[in-house]
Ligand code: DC
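Okay, here we've got a single chain as structure tokens, the form predicted alone, with questions on binding and movement later.
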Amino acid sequence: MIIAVDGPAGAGKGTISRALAQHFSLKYIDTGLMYRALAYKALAEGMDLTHEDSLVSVAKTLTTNDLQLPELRMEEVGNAASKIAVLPAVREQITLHTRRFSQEIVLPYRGVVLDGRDIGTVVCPDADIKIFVTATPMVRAERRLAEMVRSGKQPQPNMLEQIIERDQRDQTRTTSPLVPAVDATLFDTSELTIQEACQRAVAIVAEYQSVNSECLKSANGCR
């Protein structure tokens, strides 16, 4: 089973994806970490974040070990990742990595949950289940600020502006813009607690499994 979970920063898609992976025994892949890992390396080497060829060369060297660095969660790295994510050649290389990682599924996993921004539209357009998680910019900014406080980081007063700017960049890029797949289930978490959001996501997948199971049992089938 392949589940694609897309949405903007701060909507809760990461937490929801991890909950789905744990509940249904699936492998969890945070595709955003690939862009962050590339951005981190680029920043560390003082690279030009607009130079596609150099970034692609670095992207080709990424391994799963590069995704484990705690520094990848820094706001500076996240903002840089959003900037390099608009480059077509970079997205193409990261997409190749993502598809390869998603195919490396072995027991005890029964499938994979991919968390990103273009999983349902580009990376895995044939995913069994597509969920697009969103929330209002204000709610997402408040969540990010609360997260920074909990982790002991200095809150940034312009977080809402950063969220809006990043949304604009993600939604208007020419390659793989942030948009829901036409067959995705839209999921607004603005008024939900994280527990409620995870429970609803689990219910969406459970309903798919139930319907699919009945279809396979029927004489005519549904697929």
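Please read all numbers here as calculations on a predicted model, not as lab measurements. Start at 1 with the first residue shown and count on from there.
Not on display, but discussed next: the form predicted in complex with ligand DC.
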4.5 Å heavy atom contact, Lys41 to ligand DC in the predicted bound form: no
Taking ligand DC as it sits in the predicted bound form, is Thr189 near enough to touch it, meaning that at least one heavy atom pair lies within 4.5 angstroms? no
Since only the chain is shown here, I'm wondering whether Ser82 would be in contact with ligand DC in the predicted bound form (any heavy atom pair within 4.5 Å). yes
Using 4.5 Å between non-hydrogen atoms, is Gly32 touching ligand DC in the predicted bound form? yes
The listed residue (Arg91, Lys130, Arg143, His97) that reaches within 4.5 Å of ligand DC in the predicted bound form by any heavy atom is Arg91
Proximity to ligand DC in the predicted bound form (heavy atom, within 4.5 Å), stretch among 101 to 109, 83 to 91, 130 to 138, 145 to 153: 83 to 91
Hey, which residues along 111 to 144 are within 4.5 angstroms of ligand DC in the predicted bound form, non-hydrogen atoms only? Gly116, Arg117, Asp118, Ile119
